[in-house]
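What follows is one chain in structure tokens, specifically the form predicted on its own.
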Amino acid sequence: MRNQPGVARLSNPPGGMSLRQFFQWLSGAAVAMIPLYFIIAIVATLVYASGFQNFGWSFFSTNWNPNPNDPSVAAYGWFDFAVGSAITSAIALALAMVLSLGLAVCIVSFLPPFLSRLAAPVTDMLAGIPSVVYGIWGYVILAPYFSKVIDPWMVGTLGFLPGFNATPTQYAGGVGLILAIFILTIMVVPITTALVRDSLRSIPKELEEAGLALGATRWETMRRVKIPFIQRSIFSAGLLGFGRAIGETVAVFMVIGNEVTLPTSIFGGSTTMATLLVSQMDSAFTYPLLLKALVEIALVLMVISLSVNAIGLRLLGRKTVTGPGGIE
């Protein structure tokens, strides 16, 4: 349509887009950024709810004493809970990565096709079990078994190691760090197994065929070619699994023992940052200072979880092949 005198004409947006394409792009970008909006909203809400309360260096101490009768002597040090979170998450992740690597290798390379097709979805279904079901299973079924069989055996076998010595009184109920680690391991296995399994399946077929052509066995090809090729993906799977483990709440709350103290034995009770929030939330709204402390601990937990997951996703998304060192 030709321009007519006195009639203004809309110019196209930069980049050669039509006006319609521009608005489609704008609306699509707005929808795609919705998860980011939620993250910003959650962080902003937590920062606002904390009231910018400054607890000083005592916030990083081991002194937790939310004294409602005398606020002047109250202390909100969260170091004990950070240690509980680190112990349960790190050990559970180490065990889960060993299991996940073995499961993924078997599913991809060594199981018959019909068993491989069965094992993969069954492993994935573990992620769909509600957290409270894991907690009930651990508290009702596993805790008595641990107190009568597993804990005495571990004390008798590994009691000479630091942290593995305990009296029968300490593991009488079966709940504690060791049971929480066991439950967390099972809960982390599905996500780490799925990531490692998909990474193994994405390896070019030519690499495996080249290893076999050189006379290597299937296991040697897996150990010397495939696993080194995906080593960064394995590391990223571990980071994502750690982010899953450190934020787990309900199941861990039901089996960890919930003792506000530094754990001296792997059989004793402890508390994580996530379980602290659950256990103290009923009284937090009555005492404003306690609520602000819990909000700041929640903010710390969220920053840790987001940072770990972001690093893991960043490594997982780097697909450039750099040689036998892996994926970059």
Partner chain sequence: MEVRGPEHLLELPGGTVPSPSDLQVVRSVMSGLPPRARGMVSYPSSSEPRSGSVGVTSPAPSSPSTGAPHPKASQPAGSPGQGGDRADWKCPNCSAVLPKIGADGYVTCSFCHAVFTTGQPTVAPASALSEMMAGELALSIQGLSVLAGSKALVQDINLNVASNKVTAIIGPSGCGKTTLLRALNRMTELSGLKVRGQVLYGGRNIYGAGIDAVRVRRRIGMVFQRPTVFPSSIFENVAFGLRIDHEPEDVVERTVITSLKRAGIWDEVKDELDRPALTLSGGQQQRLCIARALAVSPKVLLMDEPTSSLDPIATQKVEDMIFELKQHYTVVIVTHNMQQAARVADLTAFLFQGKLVEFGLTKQIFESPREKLTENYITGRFG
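Numbering follows the first chain given and starts at 1. Computed from a predicted model, the values in this text were never measured in an experiment.
The form predicted together with the partner chain exists for this protein as well; it is not shown, and the discussion that follows is about that form.
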item: Residue (of G77, G211, G173, G238) lying close to the partner chain in the model of the complex, criterion heavy atoms within 4.5 Å; value: G211
item: The unique member of A86, A94, A216, L158 whose heavy atoms fall within 4.5 Å of the partner chain in the model of the complex; value: A216
item: 4.5 angstroms heavy atom contact with the partner chain in the model of the complex for L207; value: yes
item: Distance check, F229 to the partner chain in the model of the complex, heavy atom within 4.5 Å; value: yes
item: Distance check, D198 to the partner chain in the model of the complex, heavy atom within 4.5 Å; value: no
item: Contact of A143 with the partner chain in the model of the complex (heavy atom, 4.5 Å); value: no
item: Stretch from 86 to 94, 218 to 226, 165 to 173, 149 to 157 whose residues place a heavy atom within 4.5 Å of the partner chain in the model of the complex; value: 218 to 226
